[in-house]
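A single chain comes next, written as C-alpha cells; it is the form predicted on its own.
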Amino acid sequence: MIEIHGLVHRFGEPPDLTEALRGIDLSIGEGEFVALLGPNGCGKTTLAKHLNALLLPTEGEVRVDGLSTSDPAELWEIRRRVGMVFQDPDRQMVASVVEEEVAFGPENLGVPPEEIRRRIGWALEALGIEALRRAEPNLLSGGQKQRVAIASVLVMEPRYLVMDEPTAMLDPLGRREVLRAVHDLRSNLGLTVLYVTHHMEEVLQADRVVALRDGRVALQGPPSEVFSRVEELRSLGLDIPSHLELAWRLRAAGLDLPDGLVGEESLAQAILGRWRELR
C-alpha cells in the first residue's frame, strides 16, 4: 500500500514561497482505483509526483510498500514499483517505432533481450495495440499514443500506476479508449491506480474519489457518496455529471430516489420505477 502522512510540499524560497500541499494524510490500498479531483492549482500533480519520488516531501512522509521516498537507497525500487503516465504522451516518446519505444525502459535496466520481447508482447496485447508494433508513434492518434505510453510503463511491471490527467489532450473517443484500457488493466492484472482527472464522468467507476482544495483533502469517499454532496463540490469549483445533477434536482423537488445511483442506466430505471408507482 501507499501511505502518505502529514505531507507538505513547498516551492521556491521566501518571500516567494508557495505551499502546494498542506498536510495530506492518505492511504491507497492494494488493487484500489482512486480518482483524484480538484480545480487547477489545488495540488493534484504535485501529490501524484510524490508517489514515485519525482518530488520529495518538505515535511511529512510518503511510503510505498513500507519504503520511504525520502531514503535515497530506496528510490530505484520505488520507481520500479510505481509507474507514471503523464498528460502529454509526446513528451514521453523517445523512439521512432512503437516496439522500440516500449522496449526503452527495460533495455536501460539491463533486462535480458528474451525477457524484453516477452514483456513487449504482453504489454501490447494488454493494451490492445499489437497491430501497432511496427508503427511510427508520431503517426498515431492521441488515444493510441497514450496507450503506447501506458505500455511503456507496463513493461516495467509496476504494482502501482499513477496517471496524471492522461486524457486531458484527447477527444471523447480517445478518452474512452484510454479509460477502457485502464479499467481492463486493473481488472486483469490487479494494478493499483491513482487517476488524476478533471473529467468528472471518468471517475464514476472508481472505488474512491479524493478531492483536493488548496493543497488539502477536502472530500473523499465512494463516487455515489461524493457526488451526492453537490453544494460542496460546487464550492470546490467542480461540476458533477449531468445525469447526477438531474438526480439531485429531482430529489430536491421531492422525488424519492434511492441512494447510490451513479450510472445513467440505474438512474433511468429508478425514475421509471417511481413514475410507474405514482401513476
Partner chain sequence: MKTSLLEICDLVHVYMPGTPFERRALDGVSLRVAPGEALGLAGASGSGKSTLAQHMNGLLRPTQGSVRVDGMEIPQRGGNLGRVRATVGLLFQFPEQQLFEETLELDVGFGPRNLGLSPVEVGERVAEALELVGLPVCRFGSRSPFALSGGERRRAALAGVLAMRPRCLVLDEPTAGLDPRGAAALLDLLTRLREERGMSLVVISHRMEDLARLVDRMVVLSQGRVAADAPVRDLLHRTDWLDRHSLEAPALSRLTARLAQEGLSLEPAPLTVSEAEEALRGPLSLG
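Note that this is a predicted model, so its numbers are computed, not measured. Numbering follows the first chain given and starts at 1. What we label the rigid core is the largest C-alpha set whose atoms superpose within 1.5 Å from one form to the other.
One more form of this protein, predicted together with its partner chain, exists but is not displayed; see below.
For the marked spot (P39, L238 and L246), a heavy atom within 4.5 Å of its partner chain in the predicted bound form is present in each of the three residues. Only one segment in the set 187-195, 106-114, 172-180, 74-82 has any non-hydrogen atom within 4.5 angstroms of its partner chain in the predicted bound form, and it is 172-180.
For the chain shown alone, S242 is a contact residue for its partner chain in the predicted bound form, at least one non-hydrogen atom being within 4.5 angstroms. Put simply, R216 is far from its partner chain in the predicted bound form: not one heavy atom of it is within 4.5 Å. Using a 4.5 angstroms limit between non-hydrogen atoms, L261 is distant from its partner chain in the predicted bound form. In the predicted bound form, its partner chain stays beyond 4.5 Å of every heavy atom belonging to P158. Taking its partner chain as it sits in the predicted bound form, the stretch 263-279 comes within 4.5 angstroms of it through a non-hydrogen atom at E264, E265, L267, A268, Q269, I271, L272, R274, W275, R276, L278. With the core superposed, L17 shows a C-alpha displacement below 2 Å between this form and the one not shown.
Taking the rigid core as fixed, one finds a CA shift for G273 of 2 Å or more between this form and the one not shown.
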